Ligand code: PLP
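Shown next as structure tokens: one chain only, the form predicted alone.
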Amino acid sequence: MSPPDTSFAPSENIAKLKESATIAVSQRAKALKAEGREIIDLGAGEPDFDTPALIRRAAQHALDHGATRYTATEGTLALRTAIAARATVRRGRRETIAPAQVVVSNGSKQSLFNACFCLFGPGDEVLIPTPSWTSYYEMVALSRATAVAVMGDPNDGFRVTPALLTAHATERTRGIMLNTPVNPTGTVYTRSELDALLAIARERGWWVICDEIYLRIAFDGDATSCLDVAESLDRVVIVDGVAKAYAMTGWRIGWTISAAPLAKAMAAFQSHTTFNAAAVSQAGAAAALTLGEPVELVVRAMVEQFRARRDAAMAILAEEPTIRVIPPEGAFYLFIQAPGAGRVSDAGTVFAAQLLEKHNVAVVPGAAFLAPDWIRVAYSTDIDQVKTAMRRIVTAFRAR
């Protein structure tokens, strides 16, 4: 009798799924560190700050008072009320956002996937301003729709325009995924630019998913939210969370804000996948949004440290005139054109490998964001590490 076949053949659902490049880089960096290499990991987009103490204490209090059980699928009323209240302030006189329009998930990544899976399907096309976070393309594919990359102009921070979107649109276009501030470029769309993008989507009847996870990390005044400019939320989904601004990546709390019927559908879908986010994490997120000025002071201090890191990094990179970098206006990323761009196939991947193996700096190849001539550098670690890494990058450029 022949032995049973234990080989694994993936289903069509995931046959073309690609591993997250950002996670892969981080894992490789950790493996090299375990071998004794002094690696500076600028791959993962994770703030190095501790979650503010006030939030931690509030979560501990909640844990000691029963935050250990299931909650409603869509999240606790306390957290959804806090999210809705903040959204209502941004909407101004146009409308009041109700808790029923909010669905809390296990991180904004799940929130994005919920929206994609509930809105898009076979035959649909979704426009994705590119370069964009690598998971957008995979989420659309997992929804069995087609992701259509819309490459922005590198001379304008890779911004896309209504003209670029319409040039890539077809009768099958069903939506667009926006992100501001942008991962990986650090570009921030102005109010007028965002208004124009929402206007063309409204005119064409497209759904708009607005990923605003980096909204609080902007260096030239407050970044504009789709909540600020959207005429209606009927075909708009706002995605946000506490991971980046409040240094709460491990708490895994994100959310969507949408019209109530879509929110109900996303909650129903989530009820069959992960159910509710952790009760204690929701309590911590509610504290982040409701404790007011003491927490806001900490957030502003973190943003100022990100600004200082950006400025220090840009100053060192400016010492080498051959380095081309998109000036970041928000988030905590530098998008740098790799040496050999336009001449070397997948120049970003080649250069990223050299930086890691020869200079002990881990970065993400731009191919992960469909921009193979570039690399993404996360300056989300302490400023001395950032400076050392930038000097190594300059050295690597000069060695080329």
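The first residue of the shown sequence is 1; numbering continues from there. Just so you know, these numbers come straight off a predicted model, no measurement behind them.
Although not depicted, the form predicted together with pyridoxal-5'-phosphate (PLP) is the subject of the following passage.
Proximity to pyridoxal-5'-phosphate (PLP) in the predicted complex, defined as a heavy atom within 4.5 Å, singles out one entry of Phe120, Tyr189, Tyr246, Tyr136, which is Tyr136.
A single residue from the set Arg174, Arg252, Arg235, Arg159 has any heavy atom within 4.5 angstroms of pyridoxal-5'-phosphate (PLP) in the predicted complex; that residue is Arg252.
Partner proximity in the predicted complex, defined as non-hydrogen atoms within 4.5 angstroms of pyridoxal-5'-phosphate (PLP), places exactly one of 266 to 274, 175 to 183, 151 to 159, 67 to 75 at the interface: 175 to 183.
Contact check for Gly107: a non-hydrogen atom falls within 4.5 Å of pyridoxal-5'-phosphate (PLP) in the predicted complex. Taking the partner from elsewhere, Ile213 is found to have a heavy atom lying within 4.5 Å of pyridoxal-5'-phosphate (PLP) in the predicted complex. By the criterion of a heavy atom within 4.5 Å, Leu112 is counted among the residues contacting pyridoxal-5'-phosphate (PLP) in the predicted complex.
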